[in-house]
Structures are given as structure tokens and as C-alpha cells.
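Given as C-alpha cells, the chain that follows is alone and in the form predicted alone.
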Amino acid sequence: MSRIIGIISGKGGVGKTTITANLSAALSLKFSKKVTAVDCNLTTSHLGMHFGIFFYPKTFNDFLRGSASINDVIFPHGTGVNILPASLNLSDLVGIDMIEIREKLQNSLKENDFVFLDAAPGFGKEALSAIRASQEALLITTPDLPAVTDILKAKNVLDQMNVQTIGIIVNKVTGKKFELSAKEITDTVGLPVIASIPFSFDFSESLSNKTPLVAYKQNSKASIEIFKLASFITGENYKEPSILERIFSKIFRV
């Protein structure tokens, strides 16, 4: 039976979709897990773009509408991740009912190890439908007070819906003194920080190269932190590359 994990944020711009794409790829590449990433942000769908998928004949919208089977809307990526992209066309929102997402996904993707739901930010109908469909959740924030405050709200919503929260992922960390520390975030929200992903322009570079960073630059600092996060979620060991391995990796890339 697959673990259905919602990737949740209280606000946009914190890197929720970036984490979804890279964590999915990390689990597939390093831990040989069968992973499907689902774009549940139907209004502003971006997940497919992180895998270089821009045009597709059928989408998650068609599956929810009942006009396509699950096999019609799954797109395999070179990282081993299966993608369920949402439509980029707003007119495809007509006739969509997200109430039964959990049952539909459980029945259709039960052979997966992990199913990640890239939820819409905030607490509107789309976001709540993705939360309701999740068995577990990862909360994504940046190390600033407004984003952390919204994460506290998200935790309360998850508690009310009886969704188990795995922990908090702090993204875009620069290490500046004005940023909230992991301890401050834990004390505020009451949940552990299980990963701190450094800010890196490598994410933008990998996006332009149409592949997640963990596949594009496996030995970058940000990729290593995501692999460590994947290790935490699976409970399996991950051997961090040595400094020499990272140096040689850069040389070979050049």
C-alpha cells in the first residue's frame, strides 16, 4: 500500500513544488522507490514544468472528470518518477470534483511506495481537498515569520482533519542572522524541523534544464540535503559524498 503524502504550505513562493519534484526524484534515484507526484494545484499548475513536461494530451483534470483512466494521465520521467500533471488551461477546471481524490488515488496507485500530492498553497478548496486526500503531510516554509505563522495554521488544519504531520522542511535557508532558526520554528509550531534546504540558484538552473536538481547536480549542497530528507522519510541509510567526491563531480561537469 502506498504512502500518500501531502506537500503543504500556508503561502505561495516557499518552494513547495520544487521540494515535491526533488524529493520524488531523490527517492527514485537513490532509494529505488516507486514514486508518483500528483499536481493537485489545479488553478496554477507547475509541477510538470519541473520535469520538463509542458504539453500533454490528457491531464489529472481529465482523470478527476472521469474522461480518462489513470494510465492515460501518467507520464514517466527519466528520473523514474511518474508525473500526474494538471492542465495549464483554466477552462479545464469546469466539471472537476476533488472530493474523492483520496479514494481514486488509493485504488489507482496502490502499487507505489510513495504518492506525493503537490497541494495548492493556503487553505482554499483546492488545498483542503489535497489535505483531505493525504494520509501524512510535510509542511514547507521559509525561515521568516509570515511563512512560519501560516505553517502554524496549516498544522491546526491537519490536526482537525486527522492527517499525521511528518515534520517541517525549511527551504531557501541562507544562514543570515535575521532568519528564524530551526529551534525557533520548532518552538513556534510544535513540530520538528526535519530538513533545512539551502538557498541556491542551482534550482533555477535545473528548472531551465528541465530536470530536478537532485538529478542535475547530485552532489550540490541542496541536493545532499534533499537526499538526507529522503533517507529520513524512508528510514534507510544515505552515504553523503565526501569533499573529494564533490570536487571531482564539479570538475567532471566542467
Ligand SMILES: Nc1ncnc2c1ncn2[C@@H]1O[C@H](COP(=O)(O)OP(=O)(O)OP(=O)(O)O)[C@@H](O)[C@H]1O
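Residue numbers run from 1 along the displayed sequence. Predicted model only: the values in this text are computed from it and were never measured.
Note that the form predicted in complex with the named molecule isn't included here; everything after this is about it.
Engineer: State yes or no: in the predicted bound form, is some non-hydrogen atom of P192 no more than 4.5 angstroms from a non-hydrogen atom of the named molecule?
Structural biologist: P192 lies outside the contact set for the named molecule.
Engineer: Taking heavy atoms and a 4.5 Å cut-off, does G12 contact the named molecule in the predicted bound form?
Structural biologist: Answer yes; at least one heavy atom of G12 falls within 4.5 Å of the named molecule in the predicted bound form.
Engineer: Answer for V214 alone: is it within 4.5 Å of the named molecule in the predicted bound form, judged on heavy atom distances?
Structural biologist: Taking the distances in the predicted bound form, the answer for V214 is no, it never comes within 4.5 Å of the named molecule.
Engineer: Residue-level contact is defined here as any heavy atom of the residue lying within 4.5 Å of the named molecule in the predicted bound form; does P198 satisfy this criterion?
Structural biologist: P198: yes, in contact with the named molecule in the predicted bound form.
Engineer: Report the residue, out of F60, F227, F203, F51, that has at least one non-hydrogen atom within 4.5 angstroms of the named molecule in the predicted bound form.
Structural biologist: By the 4.5 Å criterion, the partner-contacting residue is F203.
Engineer: So which of 171-179, 70-78, 148-156, 107-115 is the stretch with heavy atoms within 4.5 Å of the named molecule in the predicted bound form?
Structural biologist: It is 171-179 that comes within 4.5 Å of the partner.
Engineer: Of 207-231, which residues get within 4.5 Å of the named molecule in the predicted bound form if you count heavy atoms?
Structural biologist: Counting only heavy atoms within 4.5 Å of the named molecule in the predicted bound form, the single contacting residue of 207-231 is L207.
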